[in-house]
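Take a look at this one chain, the form predicted on its own, written out in structure tokens.
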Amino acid sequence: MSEIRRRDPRREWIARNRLHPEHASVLAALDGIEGGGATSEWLGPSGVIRKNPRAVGFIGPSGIKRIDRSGLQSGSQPTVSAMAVSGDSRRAVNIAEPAFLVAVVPDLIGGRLSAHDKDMLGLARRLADVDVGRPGAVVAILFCEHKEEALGEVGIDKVLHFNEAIYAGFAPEVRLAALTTVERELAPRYWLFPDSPLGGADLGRRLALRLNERPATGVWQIEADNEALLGWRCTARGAAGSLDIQRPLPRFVLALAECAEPVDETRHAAERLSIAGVTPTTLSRIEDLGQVAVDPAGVALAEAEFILSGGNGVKNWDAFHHAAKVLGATEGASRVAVDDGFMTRDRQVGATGTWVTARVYLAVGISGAIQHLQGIQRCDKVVAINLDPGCDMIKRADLAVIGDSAEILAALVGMVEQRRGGQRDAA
């Protein structure tokens, strides 16, 4: 039989055409995988090896391309007691007898998991699922009330919830005592804290010092250590963020945002867990006087949690300012609105203005220039109000409202004022 390699131009054309109905099956055949897969390279018509850049990463259940930062280029999770969930593409995973525990203490600001918290849980899943035969479990330690209804969908196997009012507010010593008890009773293999100024950085360092451990701070990546069986190495930012430092991964990790991909392929049990021996006590030398009321107009854009931003589509700026006051939002603006003199330069959002990290960013009449989208890329939730359903801001938004911005803002303000009025009457 001739050893000359024969080309099939039609198959090569289908392999390059993602929209062709036979694209997936042809890629699978080229890669020698039955029933699916994606080849990373093939021989082109000129004899040159062609590479498929779309083969890097994987497609999640929602159809969004995901990149595996571990370098494994696999979207699968260990199938431990896994079964398909009816009506949901996620796999249900229940780890009944974990080989070890990975403890995560999220910031949980406002009772909800932030994007940073979800990245931490994704990092915890990588550490817990390193050995398919002997998987670990992710334990989330939550203080006070939370508003999350689907903790299992972010990769949590067990939930340890301290719900006493004594843990609310600024209570580092009381929380430290509870975490010390968790260390004594559960002995987690790893402790993960978000390296953020919202509480995780301080609490993680306090606990590491109490237990005489040397933590790794500013961690933004972990990778398998080839010299140690099932071991890890971490890469952390050092020297004021000017260089990377590599070291073996310690037990205590304070990680930065985007340290890992959040979990979106599996649904875990999120079983309630309780431990004995936790006796919270107050400390007389520390008294939390509660949060101080701050005028949203005086908050810097880079520190604001709720931003109402206006663009060229805003025609009634008096109504816009009134809406920001009623909603309790910090005002922002696009470059066009600033150039036209409707807002001051310090309120400009975007790559040429201020990069913002708000939990909620409400964009009113902003089409979404690339510089503006760069400036809001770290916002948790983006809500867009616009007349153009095809603009880039609508495509970026988590929630889009198509309509006249003045009418929608007026209706929103009316609903808020009516709700507040009803609460005052009830009181």
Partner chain sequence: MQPEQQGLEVAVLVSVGRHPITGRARRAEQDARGVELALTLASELPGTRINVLHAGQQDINSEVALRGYLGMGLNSLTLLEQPEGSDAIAALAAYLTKALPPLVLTGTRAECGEGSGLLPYALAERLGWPLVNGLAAVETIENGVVTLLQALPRGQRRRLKVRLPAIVSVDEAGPVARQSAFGPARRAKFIVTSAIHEPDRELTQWHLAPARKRPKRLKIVKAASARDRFKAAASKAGGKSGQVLSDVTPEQGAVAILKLLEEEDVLR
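On a predicted model such as this, the values are computed, not experimentally measured, just so you know. Positions refer to the first chain, counted from 1. Just so we're on the same page, rigid core means the largest C-alpha set that superposes within 1.5 Å between forms.
Missing here is the form predicted in complex with its partner chain; even so, the following discussion is about that form.
- Among residues of the shown chain, G133 is not one whose heavy atoms approach its partner chain to within 4.5 Å in the model of the complex.
- In the model of the complex, no heavy atom of E153 sits within 4.5 Å of its partner chain.
- A residue is said to contact a partner when one of its heavy atoms sits within 4.5 Å of a partner heavy atom; Q291 meets this definition for its partner chain in the model of the complex.
- Contact between K158 and its partner chain in the model of the complex is not found at the 4.5 Å heavy atom cutoff.
- Across the options 97-105, 215-223, 342-350, 184-192, residues that bring heavy atoms within 4.5 Å of its partner chain in the model of the complex belong to 215-223.
- Each of R247, R359 and V401 places at least one heavy atom within 4.5 Å of its partner chain in the model of the complex.
- Just one of E305, E331, E148, D129 comes within 4.5 Å of its partner chain in the model of the complex, counting any heavy atom, and that one is E305.
- Along 367-406, a non-hydrogen atom within 4.5 Å of its partner chain in the model of the complex is carried by K381, V383, I385, I394, K395, A397, D398, L399, A400, V401, I402, in order along the sequence.
- Shown in the overlay between this form and the one not shown, fitted on the rigid core, is a CA shift at I245 smaller than 2 Å.
- For K325, the Cα coordinates differ by 2 angstroms or more between this form and the one not shown after the core has been superposed.
- Shown in the overlay between this form and the one not shown, fitted on the rigid core, is a CA shift at W355 of 2 Å or greater.
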